[in-house]
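Next up: just one chain, as structure tokens, the form predicted alone.
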């Protein structure tokens, strides 16, 4: 089924600024992140789907209910529009109290676990992990990382480590049984990866891996239950297996388009991954082709590096840097990217993939032509009229809903929370 987007038209958009029981001073100075619950409750009488937004501000984590209109009979079919809805009607007049608190830490990223024992996994700015469960306000498990004052200066403000890169990240295997986390060790030496149990003994560190020659590894992503990749400040993607030794299976280096600032792997198609750059360039790759090129010793015999070709190139207009990139959890070809401007770009790679033959070793990567851009860039969310025009894009402030197709949430620096769904026509 093909989806046709109507540019700048929303099937739904709602936003509001939360009110809090406890006074929050200097709200702009509190780091924020956003995720969704996997719980969805349909109400056929009201024609709504109700879910929850998980929102962090500093050390506090809030859960906010929101309801999305759904198509019913012919009179209720979605229509394109730009007027704001009332998805947050149940909470917009209520002063919120934190559902969970990671005391003494600043939450930088969250993931809803939907498990029997634990509900949410949160990472702090210094790389510590905390597991939360319903009914318990404080963490039930913790992996604590001690990074002192020297880290704050050396890690966050060094000329060696770009300030715009995150210091830590984590990813869950597809079966949710294993976590890989990255962090700086607080000095101008190797960055560190840790394999952490999330099944039998949550928070138990299974292995520690040093990534030589890197100051920070800012992104880690699983491809399946065992293989994952890490992206470091040396512009190298390293591919690992949790069951093998402490050396990468293979690597991918791409120094041509500025700093590699982010990447993501598809959870729907285990072969695809995408990388974003500081110059606004976006590259789509096939992991099978990268591995195959690495194992081809033709070039190595001549003292050359293997030729690893991407599937296609895309770009943000105006050189808008790529600060975050996320594959859709419900589609193998849809991707959203976050620009340094704060814009959220929606892409569909189906056209590029239809012109790609993985068996053709002599193929040339598809350039970012006007035709490819037109066919692939489907929608741009600029935040709507309620958004402060001075916003800047940041990692972990935009999220796909894990269940509801095309449903996206964002949080801005001034705490404005927005949920939206682009208007599409299925054909």
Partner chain sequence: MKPKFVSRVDDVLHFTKTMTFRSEIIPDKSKGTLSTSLLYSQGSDIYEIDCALPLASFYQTISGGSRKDSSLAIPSPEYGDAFHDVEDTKLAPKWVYLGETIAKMSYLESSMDDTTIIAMSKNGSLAWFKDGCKVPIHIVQEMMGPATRFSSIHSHVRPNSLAVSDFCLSCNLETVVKSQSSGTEEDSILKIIDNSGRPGDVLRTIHVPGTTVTHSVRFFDNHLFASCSDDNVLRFWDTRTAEKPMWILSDPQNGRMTSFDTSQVTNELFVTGFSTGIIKLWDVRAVETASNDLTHRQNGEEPIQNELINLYHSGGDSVVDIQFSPTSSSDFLTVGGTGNVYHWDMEYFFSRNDDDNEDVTNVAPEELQGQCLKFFHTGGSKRTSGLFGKRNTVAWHPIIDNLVGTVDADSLVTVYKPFTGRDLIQGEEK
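Keep in mind that this is a model prediction, so the values were computed, not measured. Residue numbers count along the first chain shown, from 1.
What comes next is about the form predicted together with the partner chain, which does not appear here.
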(message) With the partner left out here, check for me: in the model of the complex, does some heavy atom of residue 254 sit within 4.5 Å of the partner chain?
(response) no
(request) Please check if residue 353 has a heavy atom lying within 4.5 Å of any heavy atom of the partner chain in the model of the complex. (result) no
(message) Against the partner chain in the model of the complex, would residue 86 count as a contact residue? Criterion: heavy atoms within 4.5 Å.
(response) no
(message) Considering non-hydrogen atoms and a 4.5 Å limit, does the partner chain approach residue 268 in the model of the complex?
(response) no
(message) If the criterion is a non-hydrogen atom within 4.5 angstroms, does every one of 294, 346 and 367 touch the partner chain in the model of the complex?
(response) no
(message) Quick check on this chain: which one of 125, 99, 141, 226 has a heavy atom within 4.5 Å of the partner chain in the model of the complex?
(response) 226
(request) Could you work out which of 243, 210, 93, 137 is the residue within 4.5 angstroms of the partner chain in the model of the complex, going by heavy atoms? (result) 243
(request) Can you check 277 to 285, 99 to 107, 172 to 180, 329 to 337 and let me know which stretch has heavy atoms within 4.5 Å of the partner chain in the model of the complex? (result) 172 to 180
